[in-house]
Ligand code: SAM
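Just the one chain here, the form predicted on its own, laid out as structure tokens.
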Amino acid sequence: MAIKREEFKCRGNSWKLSSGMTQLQRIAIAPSQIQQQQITLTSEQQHYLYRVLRLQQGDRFIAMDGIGKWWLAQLAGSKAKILQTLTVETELPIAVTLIIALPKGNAFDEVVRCCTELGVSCIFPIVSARTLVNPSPQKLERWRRIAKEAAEQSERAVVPVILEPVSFSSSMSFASNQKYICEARGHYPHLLSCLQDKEKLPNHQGQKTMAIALGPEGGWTDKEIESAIHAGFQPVSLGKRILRAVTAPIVALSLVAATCEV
């Protein structure tokens, strides 16, 4: 799948993808795979590129390291030659961490997938008083794989970090410029009104950060809300309706993205 040079815009020694470029497959690689302008492909990556995608020697694809760098690469056997460094601008201007009480069953899979597409930087699964699941290490690996695949699909420059699940109390020490806890009951300001107050978006060493905590199916307990407030979290509402534990993180992050990207 060849690409013409004019489909990229030059920026220093890198090239910015233009909106009309031919669609290329994106795969995530580890930075350690790159040596001397070549990418050593794993057996899994070779299988995916050659067998699943049916690419051939000389075909091109986009390699991303998951921490902000993209390269245009060309297949050459078990390796790929780096042709150009690419510039992408698909990340939110604020690093958002979602602190999410784990929902029932496999619902967290969809949360990870959708929130990755919407631009989340970090997902922090927690076990709260009303959480009904106890995740295994295999679940964590599955969530990280889903995040990687969703980042590739949505043309993210960064693969979100999926942290290991911890207790609610342990998560309250999370450091951020802004910290909100979403609560369906009670009279709290809407998250949107808080986000629209630009003065509440402080700059911390050049990086704006935000943490949003969202509860499980049964909601937060009064004690958890009190603990969160004591830890610096501001209680907020997501509207007058009661949202599912899977829906709430998507709504919250959509509000952040819409506010930051307009």
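What you are looking at is a predicted structure, and each value in this text was computed from that prediction instead of being measured. Counting begins at 1, following the sequence as shown.
What comes next is about the form predicted together with the named molecule, which is not displayed.
- Although the partner is absent from the chain shown here, none of 63, 66 and 88 has a heavy atom within 4.5 Å of the named molecule in the predicted complex.
- Of the candidates 118, 122, 184, 172, 184 is the one whose heavy atoms come within 4.5 Å of the named molecule in the predicted complex; the others do not.
- Checked against the named molecule in the predicted complex, the residues 29, 49, 236, 195 give one hit for a heavy atom within 4.5 Å, which is 236.
- Heavy atoms within 4.5 Å of the named molecule in the predicted complex are found in exactly one of 49-57, 66-74, 209-217, 33-41, that being 209-217.
- For residue 253, no non-hydrogen atom is located within 4.5 Å of the named molecule in the predicted complex, even though that partner is not displayed.
- Taking the partner from the other structure, the named molecule in the predicted complex has no heavy atom within 4.5 Å of any heavy atom of residue 24.
- Residues of 224-262 lying near the named molecule in the predicted complex, listed in sequence order, are 236, 237, 238, 239, 241, 242, 243, 244, 245, 248, the criterion being any heavy atom within 4.5 Å.
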